[in-house]
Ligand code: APR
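Only one chain comes next, encoded as structure tokens, the form predicted on its own.
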């Protein structure tokens, strides 16, 4: 079938919305009509060629939701008409990391994600001339329709508007998961969040849900800091106005229990380290370009400070998504407030440009506005 999709032909060139060919789903695959998709900083890293060579031509987009159109042989957990959110790590359930209870690090899914294919090692996407297109992070949801592996289509209740549900598949799982699963923040602990974009705001929400006593938001954009305070931060620090590390240590009386870096830059990773108290841990959530290295003062390991990474919120998406949806249903988690811009499929390139400039929080692409259920609200 022929569909419209946002295609990156070469890195550091504009994304072009054009017609592409999409083959039907094979066994253990699902065809989804995309309702809405969020534009994430990972999309920028891919578009700018910062995640390694050979990852193009590609259809971008990995944070989205939609309605099942068709299923391949052997798919039983969803059927046509079901609402689903995309998971960009369709865990195999059988590899070493899956058996160890860490499906976010599924080895086959990791390999296929880098290769830009589905789990069988092939693509369903091509240009009209037959050129094979990669699936962005195994999802490729900046498109009218997407074929994904069955494990990548996670069922949703129909009551949740799909334009909001789209955020669950990456930003919410990644941000809240980093708090709950990677850091395991406890009631009364202190937190610093460096970078208050789409994912950083979810980290703040996760810290609030966890009962953190102090949540310090750090960014250089006053608008993002204002959003962070609405999301649950207790204090906001503009990193461009002075010594942010000293300000955080003063507020927390010597350093925080947990620091979350949600930018993906060497200097902000170092800042996350510098705001820690002895015995505390920095969690790197931000995706850094290949080749970026971070220098830390080795003598400070004597204080038992630690640093670790978090990928996809260290989450089991299938198991944890229902609880996140329940948080939304009972009013403990508001999804729409992190959305700063809404656009159609032709707005993907402008959304990427805003992220490059550090403007705004999350852009939602309403691929099918009626299906997405988006209603304009004051922001």
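It should be emphasised that the depicted structure is a prediction, and the values quoted were computed from it without experimental measurement. Numbering follows the first chain given and starts at 1.
One more form of this protein, predicted together with adenosine-5-diphosphoribose (APR), exists but is not displayed; see below.
Of the candidates 206, 136, 90, 200, 200 is the one whose heavy atoms come within 4.5 Å of adenosine-5-diphosphoribose (APR) in the model of the complex; the others do not. Screening 118, 212, 248, 263 for any heavy atom within 4.5 Å of adenosine-5-diphosphoribose (APR) in the model of the complex leaves a single hit, 263. Using a 4.5 Å cut-off to adenosine-5-diphosphoribose (APR) in the model of the complex, each of 195, 355 and 362 places a heavy atom inside that distance.
This chain is displayed without adenosine-5-diphosphoribose (APR), yet in the model of the complex the stretch 221-229 from 123-131, 179-187, 221-229, 141-149 comes within 4.5 Å of it by heavy atoms. When contacts are judged by a 4.5 Å heavy atom cut-off, residue 40 counts as touching adenosine-5-diphosphoribose (APR) in the model of the complex.
Among residues of the shown chain, residue 239 is one whose heavy atoms approach adenosine-5-diphosphoribose (APR) to within 4.5 Å in the model of the complex.
Although the partner is absent from this view, residue 103 stays clear of adenosine-5-diphosphoribose (APR) in the model of the complex, with no non-hydrogen atom inside 4.5 angstroms.
adenosine-5-diphosphoribose (APR) is not shown here, and in the model of the complex it never comes within 4.5 Å of any heavy atom of residue 255. Residues of 279-302 lying near adenosine-5-diphosphoribose (APR) in the model of the complex, listed in sequence order, are 285, 286, 287, the criterion being any heavy atom within 4.5 Å.
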